[in-house]
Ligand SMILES: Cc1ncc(COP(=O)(O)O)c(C=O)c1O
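Quick heads-up: it's one chain on its own, the form predicted on its own, in structure tokens.
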């Protein structure tokens, strides 16, 4: 079976986790502090680590004072986590259409959904591609909105010669088991906004004021002060130890992902029933490799690939179609979803795997 995605770990990660276990301090401590410093050095801005990418989005919203009665613009075609983070903060996710060519948020549609309650826009960097971030930031500035980038897919991607996360308002990453780097589970918030950073340091630890400084030294706070609602969203030393080793390997992971994505592009370019998503893999580090299958042939191709030992996925079921969030139709997104199919992509694949997958696709069409 050729797997759609998988964790890619080696002896380095196993040894790092073993060392943490031997120390018998498994919660948030020295390793988390080191991982945050490593991420900050890589990105070029302060970073705070948490237990998931979803938690990163949730805490970023709270730290921007976005909550009950507020609205956040976000594309419907994204993982449920984006919507759940918004609704968990007390705000309402406002589902928007995506651009057909790159599957990032359609600002023309977003403009139609602006109200006096709109406080932020959450652009999703689908498959690692940030779309037209310059236009998104211009839109946000014009309408007085915070920008919280859902960059779960985009660790290592480049926009206008700058690393995603190294500029802009707030950027949130995911380090779950199959992302561009992993800490098993985990996420990070990156920003130059000192108020946001300082608040998130506290609210990820149940709101305990200044507790991060003690945890970094493998200590705890005993006489507590709490200024606002907090959550148990901190990262553990076990998770951070994996992330530290994964970050060391990122360049090789990145190169492999780009090479495989470019090979897909080359081999599928002339297949008439396949539309390749508009992504420049010289700049983008892909998390997934989605395609659009024309003429309602998506399910036919899905079945054929699976019968030939190839796992595939569909990224993602539109959130506006979920009962919890349903309130109106987004025809373009619904049409795109019906054609989407995700092909295997991870650093343990090789060129012969991609050749075989594309051979099966060509046999169908």
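Note that the structure is predicted; figures quoted are calculated from it, not measured. Residue numbers count along the first chain shown, from 1.
The same protein has a further form, the form predicted in complex with the ligand, not shown here; the description that follows concerns it.
Chemist: Using a 4.5 Å heavy atom cut-off, which stretch among 36-44, 331-339, 293-301, 49-57 contacts the ligand in the predicted bound form?
Modeler: Result of the contact check: 49-57.
Chemist: Find out whether any non-hydrogen atom of residue 176 is located within 4.5 angstroms of the ligand in the predicted bound form, and reply yes or no.
Modeler: Yes, residue 176 sits close enough to the ligand in the predicted bound form that at least one of its heavy atoms falls within 4.5 Å.
Chemist: Taking the ligand as it sits in the predicted bound form, is residue 82 in contact with it (heavy atom to heavy atom, 4.5 Å or less)?
Modeler: Contact check for residue 82: yes, within 4.5 Å of the ligand in the predicted bound form.
Chemist: Taking the ligand as it sits in the predicted bound form, is residue 76 in contact with it (heavy atom to heavy atom, 4.5 Å or less)?
Modeler: Output for residue 76 is no: heavy atoms all beyond 4.5 Å of the ligand.
Chemist: Hey, in the predicted bound form, is residue 130 touching the ligand, heavy atoms inside 4.5 Å?
Modeler: No, residue 130 sits far enough from the ligand in the predicted bound form that none of its heavy atoms falls within 4.5 Å.
Chemist: Can you work out which of 200, 86, 124, 239 has a heavy atom no more than 4.5 Å from the ligand in the predicted bound form?
Modeler: It is 124 that has a heavy atom within 4.5 Å of the partner.
Chemist: Tell me, which of 181, 152, 190, 105 has a heavy atom within 4.5 angstroms of the ligand in the predicted bound form?
Modeler: If I apply the 4.5 Å criterion carefully, the residue I get is 152.
Chemist: Going by the ligand in the predicted bound form, which residues of 291-327 come within 4.5 Å of it through any heavy atom?
Modeler: Result: 316 alone.
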